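There is one chain below, alone, in structure tokens, taken in the form predicted alone.
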């Protein structure tokens, strides 16, 4: 990732502007169960002391009539407590349909919301999944946001598979 300096009317500004991309891979495992429903999945960024920073994505059944899919968002308990209950869904650029089985790659440009205001430092990507007639799982992947390339990953045990974070310039 490269760091650009922004210019202001009075001269050189001291705040670096990060230029690059945050890529997240979310693996949804194939489960052999009698009644399978795609999980609802939320991904957000938080500080090392678990303070909410920004929502990246919330995947749920957006096609249900009368926005009925929002009814089960609270099953993603940590996300719901951190920011979900304060949102009115759908949220442009954040909410989207559920993810299919397999590896799903999601990307965000650091020059655009929600990353354009992210200060250099240590963070964690948090991914939470909850499935109707299924379980719930939460994975934290620590990463540094400092203008240097980063790769980090963790693996879930039930509702989530491999979760990977890649910061690149």
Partner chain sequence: MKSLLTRATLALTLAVSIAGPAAAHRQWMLPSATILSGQDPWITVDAAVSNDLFYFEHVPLRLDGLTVTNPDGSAGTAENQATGKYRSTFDVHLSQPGTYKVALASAGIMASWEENGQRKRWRGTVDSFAKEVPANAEKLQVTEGARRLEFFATAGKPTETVLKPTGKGLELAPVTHPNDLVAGEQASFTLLLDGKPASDVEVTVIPGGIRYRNDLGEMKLKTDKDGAFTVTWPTAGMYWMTAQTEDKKTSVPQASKRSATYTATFEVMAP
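Computed from a predicted structure; not experimentally measured. Positions refer to the first chain, counted from 1.
Here the subject shifts to the form predicted together with the partner chain, a form of this protein not shown in this document.
**Student:** Heavy atoms within 4.5 Å of the partner chain in the model of the complex: does residue 104 have any?
**Tutor:** Residue 104 lies outside the contact set for the partner chain.
**Student:** Taking the partner chain as it sits in the model of the complex, is residue 35 near enough to touch it, meaning that at least one heavy atom pair lies within 4.5 angstroms?
**Tutor:** The answer is no: residue 35 has no heavy atom within 4.5 Å of the partner chain.
**Student:** Though only this chain appears here, would residue 70 touch the partner chain in the model of the complex if you measure heavy atom gaps against 4.5 Å?
**Tutor:** Taking the distances in the model of the complex, the answer for residue 70 is yes, it comes within 4.5 Å of the partner chain.
**Student:** I'd like to check something about residue 49: if you look in the model of the complex, is any of its heavy atoms closer than or equal to 4.5 Å to a heavy atom of the partner chain?
**Tutor:** Answer no; every heavy atom of residue 49 is more than 4.5 Å from the partner chain in the model of the complex.
**Student:** Only one of these stretches, 62-70, 96-104, 114-122, 25-33, has heavy atoms within 4.5 Å of the partner chain in the model of the complex; which one is it?
**Tutor:** Single hit among the candidates: 62-70.
**Student:** Within 70-85, which residues have a heavy atom closer than or equal to 4.5 Å from the partner chain in the model of the complex?
**Tutor:** Result: 70, 71, 72, 73, 74, 77, 78, 80, 81, 85.
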